[in-house]
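Quick heads-up: it's one chain on its own, the form predicted alone, in structure tokens.
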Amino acid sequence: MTGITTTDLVKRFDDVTAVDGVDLNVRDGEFLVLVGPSGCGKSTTLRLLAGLESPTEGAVEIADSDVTDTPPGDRDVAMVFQSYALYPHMTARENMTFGVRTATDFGSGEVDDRVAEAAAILDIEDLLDRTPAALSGGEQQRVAIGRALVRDPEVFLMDEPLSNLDAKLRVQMRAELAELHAELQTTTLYVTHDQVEAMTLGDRVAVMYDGELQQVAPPQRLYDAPDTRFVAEFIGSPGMNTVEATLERRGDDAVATWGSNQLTLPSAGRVADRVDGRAVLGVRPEDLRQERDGPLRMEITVTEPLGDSLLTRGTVGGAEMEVSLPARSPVGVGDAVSLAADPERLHLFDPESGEALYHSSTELDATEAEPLLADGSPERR
């Protein structure tokens, strides 16, 4: 079993706390993505796991062994860096084998076999005698990954390895990384600031903000039932619309009101009873639709044709919101449109703590939905 566990992991740099009490469990063979905005502490967390930084507090376990004070070379991990970190005077082959003979007990023949195997997996067999200057960005990235593969580590640690590639190549390399993990099943922790990358690659995704973990869950769970307002606004492209509203119980349901706009939230009456009439309403752009005599009125200020859809931005009751409309919708800047929301895709968050209070989706099973409806304390997963 080669899992990774951190317990109350803390890293301070003078008076700055970069990592603040992170409890993380990466399962054996899992591809877990750590995502968050710049400066949230995700790369520092990765460096703590690699042994490149020492924790101020807390512990790190790899394969059920405490490695908190173990030197990096003895942790049996391989790290892929954002900058590729290839030696410019060495060929791809030499870069892939550099340090392997001293860091492992592999013989020369076994190292050569491992290079050949990694090159075949990554489709760089014809590039092994070239220096980095003669390789494209994607080819350099493959060599950097190949260097990690040759070591045959227990754990892969990847720090934003695709961020230097152009958009098309990033998409291609994402698919190749997913295929590579499916083949090797090596425990992998992957750091990125790109939430689309996180959603498409991870078996689970851990969202980090201001040094703390916000939620760890499968990608669809993050999207459908975010534990916090931050996760709701960060995950999704664009993120969830949120607006502060008054909340009033009407039978089993509740009505959220801001300006002259109202939305009914099914089965949210208990939430209205306990939040003292205030909550943050959340609805994703794609869960709003144009509808004659809809309960919401939007004044359009920006339109962004995306080919398969038309993203519009505007104000609804004084609040900025985004709506994804069908492509070629006959609307433009300055128009006023009536909107309706999917009643099964509405969310409520605490205006002070930001924690989720309610998700109306009927797609969540009872064990997932009930804690959010019953007491407002969402289960951390």
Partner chain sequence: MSHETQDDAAPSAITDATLVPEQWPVHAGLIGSILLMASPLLLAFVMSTQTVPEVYDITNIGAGSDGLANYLEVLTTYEMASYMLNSLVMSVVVTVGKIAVSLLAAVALVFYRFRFKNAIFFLILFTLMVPVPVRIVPLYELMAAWGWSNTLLALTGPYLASATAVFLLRQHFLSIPDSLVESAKLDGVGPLRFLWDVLIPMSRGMISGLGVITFIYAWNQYLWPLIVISDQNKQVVQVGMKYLQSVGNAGQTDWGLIMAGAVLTLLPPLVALIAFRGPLLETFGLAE
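Residue numbers count along the first chain shown, from 1. Only a predicted model underlies this, so the values are computations on that prediction, with no experimental measurement involved.
The same protein also has a form predicted together with its partner chain, omitted here; what follows describes it.
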Decide yes or no: are Arg292, Pro305 and Pro330 jointly within 4.5 Å of its partner chain in the model of the complex, with each residue judged by its heavy atoms? no
Arg47 near its partner chain in the model of the complex, any heavy atom under 4.5 Å? yes
Though only this chain appears here, would Gly277 touch its partner chain in the model of the complex if you measure heavy atom gaps against 4.5 Å? no
So in the model of the complex, does Lys168 come within 4.5 Å of its partner chain, heavy atom to heavy atom? no
Can any non-hydrogen atom of Val77 be found within 4.5 angstroms of its partner chain in the model of the complex? yes
From Ala272, Leu86, Leu310, Met173: within 4.5 Å of its partner chain in the model of the complex by heavy atoms is Leu86
Which one of Phe98, Phe106, Trp258, Tyr223 is close to its partner chain in the model of the complex, taking close to mean a heavy atom within 4.5 Å? Phe98
Counting only non-hydrogen atoms, the one stretch of 264 to 272, 145 to 153, 196 to 204, 246 to 254 within 4.5 angstroms of its partner chain in the model of the complex is 145 to 153
Partner contacts in the model of the complex for 52 to 83 (non-hydrogen atom within 4.5 angstroms of its partner chain): Leu52, Pro72, Gly73, Val77, Met79, Phe81, Ser83
